[in-house]
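In structure tokens, the next block holds one chain alone, the form predicted on its own.
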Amino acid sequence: MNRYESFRRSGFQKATMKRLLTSVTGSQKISMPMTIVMSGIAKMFVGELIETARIVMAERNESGPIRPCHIREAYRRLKLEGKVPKRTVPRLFR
């Protein structure tokens, strides 16, 4: 129950999200409702990622805090399921 309460109280700062949206879209006019919606979508994605990381931990019979290896595996699984959008612009450096 404690984890659920923490999830409910958490959120992204609106100023930070607005700055990120401005850099991604290139537009200076980002409305507050758009910022709130994108914050909600980002929060849902992070929640799904953490939930999948917990499943990975349970499958490996591990306990304690989530480690980066669990998050990487969770991201890989979400990507295979098609829940992570594909890149539209190729990477410059690899």
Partner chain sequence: MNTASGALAKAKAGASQPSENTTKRKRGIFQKELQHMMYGFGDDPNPLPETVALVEDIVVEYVTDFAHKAQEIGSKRGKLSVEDFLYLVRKDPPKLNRCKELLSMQEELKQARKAFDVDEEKLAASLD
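Positions refer to the first chain, counted from 1. Everything numeric here is computed off the predicted structure, so don't read it as measured data.
As for the form predicted in complex with the partner chain, it is not shown, yet the points below apply to it.
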Closest heavy atom of residue 59 to the partner chain in the predicted complex, within 4.5 Å or not?
no
Considering non-hydrogen atoms and a 4.5 Å limit, does the partner chain approach residue 46 in the predicted complex?
yes
With the partner left out here, check for me: in the predicted complex, does some heavy atom of residue 55 sit within 4.5 Å of the partner chain?
no
Taking the partner chain as it sits in the predicted complex, which residues of 15-37 have a non-hydrogen atom within 4.5 Å of it? Please list them.
16, 17, 20, 21, 23, 24, 25, 26, 28, 30, 31, 32, 33, 34, 36, 37
